[in-house]
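Have a look below at one chain only, the form predicted on its own, in structure tokens format.
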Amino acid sequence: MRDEVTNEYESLLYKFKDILKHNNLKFTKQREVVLKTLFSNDQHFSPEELYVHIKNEYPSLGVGIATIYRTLNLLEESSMVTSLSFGSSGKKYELGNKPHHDHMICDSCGKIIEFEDEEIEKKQLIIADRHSFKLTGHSMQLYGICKDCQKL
């Protein structure tokens, strides 16, 4: 299992280096740590949360918030990461190599719960077909109050 994870990361890293080269950008430890942190964590990070996490994990690295933003933008443009928009509150990012899933977002605490539902996927195809619409992808975000916040 560890070899699979290592191979998956090495594959992502190779793709990332290729994207940097294509954009005439240098491969740096700071940029690699952004990718590595997203790969190693299941949570969804805002740029600021990612910055704080990296500063705590790698205090001597000297990564700047501008590097975080630029790297996230580059990764998103190349479809290596995806983002969830929170309007004026900004975006949260996750690695884009996960199987398709949707999100439930708590309006109270901001917790993000990932889920998959085959019935919803089938229903979307039926609806698209009914409207002669060729579905090429989708993003579903459900908003409400998580069970922890309902207890408060």
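Residue numbers here begin at 1 and follow the sequence given. It should be emphasised that the depicted structure is a prediction, and the values quoted were computed from it without experimental measurement. Superpose the two forms; the largest set of C-alphas matching within 1.5 Å is the rigid core.
Missing here is the form predicted together with a further copy of the same chain; even so, the following discussion is about that form.
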*asked:* Please identify the residue among Glu57, Glu49, Glu114, Asp42 with any heavy atom within 4.5 Å of a further copy of the same chain in the model of the complex.
replied: Glu114
*in the model of the complex, Phe27 touching a further copy of the same chain (heavy atom, 4.5 Å)*: no
*Counting only non-hydrogen atoms and a 4.5 angstroms cut-off, does Phe133 reach a further copy of the same chain in the model of the complex?*
yes
_I'd like to check something about Tyr14: if you look in the model of the complex, is any of its heavy atoms closer than or equal to 4.5 Å to a heavy atom of a further copy of the same chain?_
no
*With heavy atoms only and a cut-off of 4.5 Å, decide whether Leu35 touches a further copy of the same chain in the model of the complex.*
no
*Where, among 115-123, 49-57, 27-35, 64-72, do residues come within 4.5 Å of a further copy of the same chain in the model of the complex by heavy atom distance?*
115-123
*asked:* Could you pull out the residues of 133-150 that have any heavy atom within 4.5 Å of a further copy of the same chain in the model of the complex?
replied: Phe133, Lys134, Leu135, Thr136, Gly137, His138, Ser139, Met140, Gln141, Leu142, Tyr143, Gly144, Ile145, Cys146, Lys147, Gln150
*Core-aligned C-alpha movement of Gln124 between this form and the one not shown, 2 Å or more*: yes
